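This document opens with one chain alone, in C-alpha cells, the form predicted alone.
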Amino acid sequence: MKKHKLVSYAKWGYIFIAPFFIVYIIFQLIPLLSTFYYSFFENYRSGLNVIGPNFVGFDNYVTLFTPDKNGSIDIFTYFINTIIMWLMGAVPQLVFSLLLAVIFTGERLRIKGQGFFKTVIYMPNLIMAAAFAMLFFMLFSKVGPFNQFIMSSGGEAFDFFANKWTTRGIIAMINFLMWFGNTTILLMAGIMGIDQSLFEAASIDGATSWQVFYKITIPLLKPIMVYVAITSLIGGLQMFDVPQVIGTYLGSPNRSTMTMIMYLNNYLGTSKNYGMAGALSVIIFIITGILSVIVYKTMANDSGKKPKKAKKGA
C-alpha cells in the first residue's frame, strides 16, 4: 500500500501572516528602537551647522524636566493641557454615543432607518480635521456668525480665542463632533452582539429599562467600552491638527492649547533637535502605556475575581 504523505497547512498560515510582521518590523519596530537609541544623543541644527550626533546619556531627559525661568516645567504644562482637552471631548462623547447606541438598538423603540443614521453621524469623521478646525475657527472668529448674532442682539463681540477655556472648549467640541459617530457605531455593534434572549428574559421578569441597561447592557458592553476608552486616550495624547489650527503653533492663548505632539513638533520643525524630539517621543510612549494600563485596570471586567463564600446559615 502506498503511504499518503500528510500535508502540513501550518506553514501556509505563517506565510500569509509574514507580510504583516515584515512591514511591522521595518516601519514600526525598527523606527521605535531607533528613536529610543537616538534619544541619548545630542543631534540638532544651529544655523547651517549640524551638531552631533554626540552621546550625552540622559541629558535630553533631564532638560525636558528642568524648570524654565518662570519655574514651570513645559512637559507637565503641555501634558495637563492635552489631558484637559481630551477629557472635555471624550467624556461627553462616550456618554452621548452610548445613549444613541441604546436608542438606535432598542427593541421597544424599533427606530427605522438605522443605516441612514449611521451614515449621517459618521460623516464628520470623513472630513479632514484641519478643514473642520478651520470651519470652526471662522464660525467663532470676531467677524464670524456667532459674533454677528451677538452684536445683532445688542451685545458686544466676544473674542472666543482670547480665553483659554472657550478655546479649549471649541477644540474639544470639534473632536467630539468628529469622533462621536465612530464611537456610536462601535457601541451599537457591541449591543447588537449581546444575546437578545437576555433582554427578552429581563422583560418577562418585569425589569425596567434602567435595570436592563445597568444590569445587562453595561456589563456585557464593557469590553467594547474599554477598547473605545483606550483608543480615545491614545488619539487624545496624539492630538495635534485641531489645536494647531485653532491655537497656532504657539498654543494660544498663553500656551493653554499646546499639546504634547505640538511640543514635539516644535523640536522637529523649528530647531531640528532630533535628540530632544527622540527623548520626548519616548516619554509620550511611556505615558501612553501607563495611562492605557490604568484605564484598562479601572474599566476592565472584574469577573475573574472569586466570589465571596456565603456565610453558613444565610
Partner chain sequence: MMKKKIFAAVLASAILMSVAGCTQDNGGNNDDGNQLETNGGAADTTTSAAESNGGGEVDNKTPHQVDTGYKLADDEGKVINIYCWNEDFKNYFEAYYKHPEGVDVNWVVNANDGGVYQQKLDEALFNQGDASADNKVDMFLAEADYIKKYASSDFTSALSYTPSSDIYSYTLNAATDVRNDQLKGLSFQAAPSVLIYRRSIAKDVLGTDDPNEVQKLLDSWDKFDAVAADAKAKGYIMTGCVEETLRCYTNNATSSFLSDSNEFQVPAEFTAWLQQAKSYVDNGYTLTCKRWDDEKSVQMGTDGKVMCFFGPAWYYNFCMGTAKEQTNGDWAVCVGPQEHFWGGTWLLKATGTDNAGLVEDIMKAFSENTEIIAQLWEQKSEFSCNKPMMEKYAADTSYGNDLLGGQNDAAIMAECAKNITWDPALHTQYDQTFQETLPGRMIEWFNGDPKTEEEAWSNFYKDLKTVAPDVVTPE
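Rigid core: the largest C-alpha set superposing within 1.5 Å between the two forms. Positions refer to the first chain, counted from 1. Quick caveat, the model's predicted, so the values are computed rather than measured.
The same protein also exists as the form predicted in complex with its partner chain; that form is not shown, yet it is the one meant from here on.
Query raised in the report: Want to guess which of 122 to 130, 205 to 213, 172 to 180, 231 to 239 is within 4.5 Å of its partner chain in the predicted complex, heavy atoms only?
Result: Among the candidates, contact is made by 122 to 130.
Query raised in the report: For residue 260, is any heavy atom within 4.5 Å of its partner chain in the predicted complex, or not?
Result: It does not: once its partner chain is placed as it appears in the predicted complex, residue 260 has no heavy atom within 4.5 Å of it.
Query raised in the report: Hey, in the predicted complex, does residue 80 get a heavy atom within 4.5 angstroms of its partner chain?
Result: Outside the cut-off, so no.
Query raised in the report: Is there a heavy atom of residue 273 lying 4.5 Å or less from a heavy atom of its partner chain in the predicted complex?
Result: Looking in the predicted complex, residue contacts with its partner chain include residue 273, since a heavy atom lies within 4.5 Å.
Query raised in the report: in the predicted complex, does residue 52 have a heavy atom within 4.5 Å of its partner chain?
Result: No, residue 52 stays farther than 4.5 Å from its partner chain in the predicted complex.
**Report entry** Sole residue of 103, 218, 189, 134 within 4.5 Å of its partner chain in the predicted complex, by heavy atom
**Finding:** Looking at the other structure, the residue within range turns out to be 134.
Query raised in the report: Since the partner is left out here, which residues of 175 to 212 would have a heavy atom within 4.5 Å of its partner chain in the predicted complex?
Result: None of them.
**Report entry** Rigid-core frame, C-alpha of residue 71, shift of 2 angstroms or more between this form and the one not shown
**Finding:** After core superposition, the C-alpha of residue 71 moves 2 Å or more between this form and the one not shown.
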